[in-house]
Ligand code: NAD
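In structure tokens, the next block holds one chain alone, the form predicted alone.
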């Protein structure tokens, strides 16, 4: 599919209508070229307030639908997304640089699966428990929707995070406002437009704009009853401060500095693929919160693993046009993040790390044969060998195609290194020892642990973090609250 060359203007979706904003527009940059390719609304406080009032009014009818009727709507959304999959995949690719081969064949089918799963979960949201408290007293619980839910989504995976927040919140009977990142709003605005062709007006709204105006207005609003954020720790702290006067429950899925641990008894070929290509160097250039950015390798197999990883990266990482099906890794999603990633590579060298693969950046350096891409935000896969986990590049989230490689000797040492971080989102373990597997699952401080695989997520199981990686999950019960009832009979 070819991307149109003309600059297209996108609009907010409020009460089922496409609305521009009195705040004007913001440019959307294609990270592969560094050029403007679309414009989005620069939403205002008034836009945000209108979305809240609209969602609050729509809540009355949506929340009182029987679960099977809500399920029918959500299944139709899943079907409709599949029908428009190629268009949405192309928009996501141009919006944030995630290569088309992954957005079309991996992302879009997964979006539909979440809508279908949410449809099947609608009845769960209304189930409670009954307890006989005595001969004449019965107690029971009800599950009810909160009301208006705000989902704040990041620039690295807009359509995925949009889906997991909206689908389950809607399934539980809430109405939803999505606030996409101003750095990547296009795909979300079009997604919301398509979904509104299925849902009743006002049930799902999408408002783009700056966080300090649109985002803050939404989270402060007294009629917003819950907030779900996928983003940075800094954003989470800002939201917590903004909600101090009107406290509300939150779901926070924040950053990570995930360890991917390879023991000497692992299947090394499988592990090499899992910790490099699948673990960190993927189609969106390592810009995912659960990226295995700390690769821990047992010293007895260290050199062998490094060789296997280098061979895989040389053979299978192909930078190039993001719409080209042969391209396997895209650019950094925006200019600010590009500068950050490049700075961390320099910091790694200053701290004494040894670049054992990659390290170069810039379209002119990496893709000189494609003049249209020389101004894009390109960074090649980079491995930095270190011996000290306390270095900044080991402790701070880089959020790009950069991983540290750390040798270890014993299981106890691996656990200590893995847990030596303020984050706790994901961890990978590569071993054929079942007993070790059971020990490490319990000892590693992480919300998600993968054994002999990595980064496998889906609607079947929750996904969340511990420590500074957040709390809560975008799952059906998280979007309901319990009410306790007592009935005394005569």
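Fair warning: this is a prediction, and the values are worked out from it, not measured in the lab. Positions refer to the first chain, counted from 1.
Beyond the structure shown, there is the form predicted in complex with the ligand, which is absent from this document and is the topic of what follows.
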> Out of 153-161, 325-333, 110-118, 271-279, where are the residues with a heavy atom within 4.5 Å of the ligand in the predicted complex?
Replying inline: 153-161
> Hey, in the predicted complex, does residue 211 get a heavy atom within 4.5 angstroms of the ligand?
Replying inline: yes
>> Given that the ligand is not shown alongside this chain, does residue 348 nevertheless sit within 4.5 Å of it in the predicted complex, heavy atom to heavy atom?
In response: no
> Do residue 294 and the ligand share at least one heavy atom pair within 4.5 Å in the predicted complex?
Replying inline: no
> So in the predicted complex, does any heavy atom of residue 367 sit within 4.5 Å of the ligand?
Replying inline: no
> Taking 259, 415 and 443 together, does each of them reach the ligand in the predicted complex with some heavy atom inside 4.5 Å?
Replying inline: no
> Pick from 77, 206, 254, 99: which has a non-hydrogen atom within 4.5 Å of the ligand in the predicted complex?
Replying inline: 254
> Within 4.5 Å of the ligand in the predicted complex, heavy atoms considered, which of 40, 55, 48, 425?
Replying inline: 425
> From first to last in sequence, which residues of 175-197 have any non-hydrogen atom within 4.5 angstroms of the ligand in the predicted complex?
Replying inline: 179, 180, 181, 182
